[in-house]
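Only one chain is included here, represented as structure tokens and corresponding to the form predicted on its own.
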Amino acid sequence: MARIPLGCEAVAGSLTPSKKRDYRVTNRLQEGKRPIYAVVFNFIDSRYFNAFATAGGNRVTVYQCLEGGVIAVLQSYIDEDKDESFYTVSWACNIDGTPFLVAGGLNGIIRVIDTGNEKIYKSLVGHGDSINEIRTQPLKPSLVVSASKDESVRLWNIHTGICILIFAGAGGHRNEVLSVDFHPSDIYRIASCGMDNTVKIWSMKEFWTYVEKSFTWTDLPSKFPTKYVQFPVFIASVHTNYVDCNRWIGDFMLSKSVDNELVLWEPKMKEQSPGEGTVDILQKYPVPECDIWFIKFSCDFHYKAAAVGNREGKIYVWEVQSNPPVLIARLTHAQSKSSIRLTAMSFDGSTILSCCEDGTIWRWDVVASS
């Protein structure tokens, strides 16, 4: 397991806002009474960069951000099981470019929704418990990964409905997996984290022929030779409690636990001994009152900034790539008091959305500087 060497003191950011950007609330929607756990902009298809989706209860809703703070409802998918509670949703697309939404939650069934006709394209069954996060491979957006309470991560081809790989076993997570992310440029690499307090980095390189085979498979998906990936290439103990969100920032990792901060760190692999290595903790981004689990952050398309909410309805927007870290803005509103489960930053970061425990969606827009 990777250790943190002595003498590597991380640079912590100051909580004094830099006034680099000024945001104001331009809209607030009450979607329903049930908590909304996920909100996500479409970064997969440039035609729909202003579209976003939410997930909460047994509903996935698609909206469009228009000028002047307007939010238009485009469509809504309601699951046949009224007890389903969606925790996560991700944009993806079929191999012909049709926009899809991929949602999962309490029931452990992944719903692939064709947004063209608002119908289920496929239901992916395999996880033995609820699904905490789904992410799409940006370079091949018909591949998604799912992180589950069943202690596994699975790689799926949503076009063919095949479960290609299962990341679990001897070297796998020892508790719920809460978050997972594809590396932005290394197509073989993913990272996952969870309730065993670790972040694990996995490689698909030696299994890539199965990924390719999944696109041309014509037999039943259940007959596909799904492979287990039992050993990660790197295990990091950066946090001492649950790790509920991790995102690649280039080759660095940005992750958070329940201790009021985001941490940027660099995994340093030892090529000869997989799983071994050291961690360089580079920077820390304080987020007060962010001490409950399942609060996740988001970044703009180019990973210049990260926005994270807290349990008091406030949002902290950090410049990720500056040293020392710069707090771009702290967003507060008298009526925003409920825990923010997830934020969504638009392509250029000029709009920030938040989804809350009380069933509300908030929209913040950059105020043009005079």
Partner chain sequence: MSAPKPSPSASGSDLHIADHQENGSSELEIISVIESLKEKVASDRCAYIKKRIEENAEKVLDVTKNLYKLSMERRNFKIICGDGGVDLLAKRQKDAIDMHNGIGTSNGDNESSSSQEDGYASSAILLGSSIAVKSAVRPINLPEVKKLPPYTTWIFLDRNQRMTEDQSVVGRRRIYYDQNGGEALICSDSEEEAVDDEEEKKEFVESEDYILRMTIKQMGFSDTTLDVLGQCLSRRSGELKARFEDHIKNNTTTSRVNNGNAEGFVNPYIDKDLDAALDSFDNLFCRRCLVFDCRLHGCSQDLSFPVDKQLQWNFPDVDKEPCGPGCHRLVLESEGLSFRQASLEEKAAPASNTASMQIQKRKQGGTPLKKKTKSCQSESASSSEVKPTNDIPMSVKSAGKSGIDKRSSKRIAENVLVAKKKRQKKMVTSDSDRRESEDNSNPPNVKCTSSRKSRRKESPLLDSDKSLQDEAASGASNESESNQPVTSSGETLKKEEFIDENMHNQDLVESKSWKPFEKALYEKGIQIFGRNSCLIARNLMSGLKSCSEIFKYMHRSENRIFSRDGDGMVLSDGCLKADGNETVGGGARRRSRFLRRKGRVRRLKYTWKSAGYQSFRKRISERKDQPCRQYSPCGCQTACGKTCPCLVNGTCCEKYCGCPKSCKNRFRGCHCAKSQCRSRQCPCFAADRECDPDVCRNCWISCGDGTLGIPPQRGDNYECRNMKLLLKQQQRVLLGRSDVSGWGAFLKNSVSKHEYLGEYTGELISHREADKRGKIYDRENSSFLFNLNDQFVLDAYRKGDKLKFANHSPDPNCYAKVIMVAGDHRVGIFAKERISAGEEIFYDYRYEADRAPAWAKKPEASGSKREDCGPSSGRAKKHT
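Residue numbers count along the first chain shown, from 1. For clarity, every value in this text was computed on a predicted model and none was experimentally measured.
Although it is not shown, the form predicted in complex with its partner chain is what the next lines describe.
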{"item": "Heavy atom contact within 4.5 Å of its partner chain in the model of the complex, the stretch among 202 to 210, 189 to 197, 218 to 226, 157 to 165", "value": "189 to 197"}
{"item": "Heavy atom of Arg111 within 4.5 Å of its partner chain in the model of the complex", "value": "yes"}
{"item": "Its partner chain contact in the model of the complex: Gln335, any heavy atom under 4.5 Å", "value": "no"}
{"item": "Interface membership of Arg330, its partner chain in the model of the complex, 4.5 Å heavy atom rule", "value": "no"}
{"item": "Exercise: Lys314 in contact with its partner chain in the model of the complex, heavy atom 4.5 Å", "value": "no"}
{"item": "Contact residue in the model of the complex, from Ser255, Ser214, Ser179, Ser152 (heavy atom within 4.5 Å of its partner chain)", "value": "Ser152"}
{"item": "Contact test, all of Tyr23, Lys33 and Ala305, partner its partner chain in the model of the complex, heavy atom 4.5 Å", "value": "no"}
{"item": "Heavy atom contacts to its partner chain in the model of the complex at 4.5 Å, residues of 70 to 107 in sequence order", "value": "Val70, Ile71, Ala72, Val73, Leu74, Gln75, Ser76, Tyr77, Ile78, Asp79, Glu80, Asp81, Phe86, Tyr87, Trp91, Cys93, Ile95, Asp96, Gly97, Thr98, Pro99, Leu106, Asn107"}
